[in-house]
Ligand SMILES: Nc1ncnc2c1ncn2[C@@H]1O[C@H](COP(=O)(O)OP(=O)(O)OP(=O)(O)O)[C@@H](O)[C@H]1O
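First, one chain by itself in structure tokens, the form predicted on its own.
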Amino acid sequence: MRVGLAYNVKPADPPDHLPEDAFEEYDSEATVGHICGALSLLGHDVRRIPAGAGFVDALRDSRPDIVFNIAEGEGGRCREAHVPAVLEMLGLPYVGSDPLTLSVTLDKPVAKKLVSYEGFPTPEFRTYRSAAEFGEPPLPFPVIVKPAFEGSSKGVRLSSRAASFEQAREMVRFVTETYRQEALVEAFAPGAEVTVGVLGNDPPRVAGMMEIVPKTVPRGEFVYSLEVKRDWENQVSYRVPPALPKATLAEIERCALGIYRALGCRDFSRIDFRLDAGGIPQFIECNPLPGLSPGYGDLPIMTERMGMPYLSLIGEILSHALIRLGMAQA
């Protein structure tokens, strides 16, 4: 089968005027190579299709039977929807969630509203268009301040956890002026941080849970920030499965599967939680385009530690899409 891989890669020489993490969501050439290699080992003819202005022409030249989409897109809160929207317009089948889900999940306030409506707990929050709007303390401190529609910890720094009004307002200013979007101010959940990998469709299944355990700060002050992710081997340890009570793990699994369905995820996704002061799992965000870099991406790390090799992970994601689309080979 001809499998096209739609992707964005980090530029070798990013423009100086952009934030240092402007392309943090984009993949490395090494990650693209790993995915292509896995698909080839699974017996497929792999065609690389870079996302961007030449995407449609590249599709026509490569003529894939299905597109394995990991492209993040460029510009605005609907950027992750660009590639699947084009594929749907052209009638080409693809792996992963549809444009609506990719738009909704990237916009954290929208995702939180939908998840809350479905009855799943998520920290209380407010959004602000500027520091001038941040006139009164909206929530009890501490809070965490982050961009409203970014992923891969873009705009999330060690200083994003604010313990005072002045700190919070400064972070609102940083987010709105640096990233040109609303700042999300959210009640800070001080408990364990757990990320959940979900695979499949009817029904989906939890493929793994991983607790992110800080090495250098108390858990109640920990932020899974850009600085931490870039130095994760020194800053955190990954615990699979999490060292949490069985009842808590069961509740996290219930919430993860329910949220996966509520947000319309397909084939694969990663959903993040933090426990509040009472030990209740709180939904933080959903990533239907989780990083697939072996040894670095959270989803491959957790599934590897659960006994699923990288080749099996890529194969299962593709298989779920083929079955969903009625393209599975007998």
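All residue numbers refer to positions in the sequence shown, first residue = 1. Not measured: the values here are computed from a predicted model.
What comes next is about the form predicted together with this ligand, which does not appear here.
For this ligand in the predicted bound form, the listed stretch (133 to 141, 189 to 197, 92 to 100, 241 to 249) containing residues with heavy atoms inside 4.5 Å is 189 to 197.
Checked against this ligand in the predicted bound form, the candidates 173, 229, 126, 77 yield a single residue with a heavy atom inside 4.5 Å, and that residue is 229.
Contact with this ligand in the predicted bound form, defined as a heavy atom within 4.5 Å, holds for exactly one of 34, 274, 47, 44, namely 274. Under a 4.5 angstroms non-hydrogen atom cutoff, this ligand in the predicted bound form lacks residue 86 among its neighbouring residues.
Although the partner is absent here, residue 178 sits far enough away that none of its heavy atoms falls within 4.5 Å of this ligand in the predicted bound form. Heavy atoms of residue 206 never reach within 4.5 Å of this ligand in the predicted bound form, leaving it off the interface. Although the partner is absent here, residue 70 is not a contact residue: none of its heavy atoms lies within 4.5 angstroms of this ligand in the predicted bound form. Residues 144, 146, 150, 151, 152, 153, 154, 156 of 136 to 164 are found to place at least one heavy atom within 4.5 Å of this ligand in the predicted bound form.
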